[in-house]
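Below you will find one chain, with nothing else, as structure tokens; this is the form predicted alone, and questions on how it binds or moves follow later.
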């Protein structure tokens, strides 16, 4: 049964992949704050990790739920979306935030490092988007927001796999945006720069300092900086924005 938001209208249902991560959790919080019913989809989590997520989202009560999902499994994505269709009437917003790294220079990269990353970072976007797009177009409303990366725009040493996948995410976004634009469904990309997340925290301190020195605003991004951009693109009144790549990188890379 669908929940209602503060003004009494049916709450939009938002599915966030990678929803237990630092960025994913903040996206869940921002969309719940906007009045959405949110499902965080992520790999089966330890009790400790799930408890930490629930504590971070406790303010929103049962407006934020969790579902175990491997985005690289096409059938599992279809099954989850089918269940959400039956229980809630349809997924209105999809945010593809699931992602991994498997860094190595190309000459040292193994086929496994390439394919594992592609299955999550690129195939996962295909799997979830294909699962939701028919229902969205049938109902005449949908918002798909794909999380890419500044490194998909600039390239990065040791990340031929990651950079290729993240560039591919925006190519996917533009093509699907054209397919769905007349159906009330927008498809957009957010490309974060370097953010204060566990992934960046794992970078050696001296390299992290070099990164920050190259960011014009003088700091790493916060998950909230990215989540606010997602919330903006996911809003009901953002219907004239589609096929857009919105960089959120503190000026680290500028283009038009």
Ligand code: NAD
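Being a predicted model, the structure only gives us computed values, none of them experimental. Residue numbers count along the first chain shown, from 1.
There is also a form predicted together with nicotinamide-adenine-dinucleotide (NAD); it is not shown, and the following applies to it.
- The candidate spot formed by 42, 49 and 162 lies fully in contact with nicotinamide-adenine-dinucleotide (NAD) in the predicted complex, as each residue has a heavy atom within 4.5 Å of it.
- Note on the partner interface in the predicted complex: the residue among 153, 129, 180, 72 having a heavy atom within 4.5 angstroms of nicotinamide-adenine-dinucleotide (NAD) is 72.
- Heavy atoms of residue 98 reach within 4.5 Å of nicotinamide-adenine-dinucleotide (NAD) in the predicted complex, making it an interface residue.
- At the 4.5 Å threshold, heavy atoms of residue 173 stay clear of nicotinamide-adenine-dinucleotide (NAD) in the predicted complex, well away from it.
- Of the heavy atoms in residue 30, none are within 4.5 Å of nicotinamide-adenine-dinucleotide (NAD) in the predicted complex.
- In the predicted complex, nicotinamide-adenine-dinucleotide (NAD) lies farther than 4.5 Å from every heavy atom of residue 188.
- Across the options 32-40, 207-215, 54-62, 194-202, residues that bring heavy atoms within 4.5 Å of nicotinamide-adenine-dinucleotide (NAD) in the predicted complex belong to 194-202.
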